[in-house]
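Take a look at this single chain, the form predicted alone, given in structure tokens.
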Amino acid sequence: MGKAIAIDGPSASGKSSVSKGVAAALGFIYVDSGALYRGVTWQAIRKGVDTKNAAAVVESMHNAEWDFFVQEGAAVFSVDGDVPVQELREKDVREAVADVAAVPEVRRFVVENLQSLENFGSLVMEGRDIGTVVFPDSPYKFYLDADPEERAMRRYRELVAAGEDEKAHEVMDSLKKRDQIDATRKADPLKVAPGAQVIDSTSMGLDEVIQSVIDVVKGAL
């Protein structure tokens, strides 16, 4: 079994960039736990399932064949033989994933599959419940946060770079809605894991945040 570095935090807190940087520096496998929730959402949408119908979402999830493998230093998956990448970032998936991720049976399915990825080796996994639910016993737990307006601007810049035309205020509204759902859902709400190191990245550069995580991990090692 490898080691698991857990990096949690709300939307647009820098989890992805930091986790990828830490994984590359340490030679660990990068895991985006949110991609799997988006994968379940995407599968439901492409099968014509109402994503607010929890039972139908769970049925489409269990009826699909899921395979996991490592590609270019990251854990990825296929659904019924297809490997969704850009599809997971489309607007319909982004807007529906919070409802899907709040379904307890979906969360159990995702958590079990995420835990099994340790068989591939040491991981840097980002998400919202990695330190609290997926790897609660990991000695390497971090919680990234940033000012909501800064997070909204980061997400806005990401969307503009990707060719999306959403307005800044729409992004802020979407972010607030996601934060509310994440923090108040009954199953595994977003919170700081016991023993996690909290990093406020509002005024920090990416390299600075990455290095601060690496320093803590190497110190623990």
Ligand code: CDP
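These figures come from a predicted structure and were not determined experimentally. We number the residues from 1 along the sequence you see.
This next part talks about the form predicted together with the ligand, which is not shown.
Residues of just one listed stretch (115-123, 93-101, 135-143, 76-84) have heavy atoms within 4.5 Å of the ligand in the model of the complex: 93-101. Residue 89 belongs to the set of residues with a heavy atom inside 4.5 Å of the ligand in the model of the complex. The closest heavy atom approach of residue 37 to the ligand in the model of the complex falls within 4.5 Å.
Residue 197 falls outside the set of residues with a heavy atom inside 4.5 Å of the ligand in the model of the complex. Contact check for residue 212: every heavy atom lies farther than 4.5 Å from the ligand in the model of the complex. Residues 127, 128, 129, 130 are the ones in 127-149 with at least one heavy atom within 4.5 Å of the ligand in the model of the complex, listed in sequence order.
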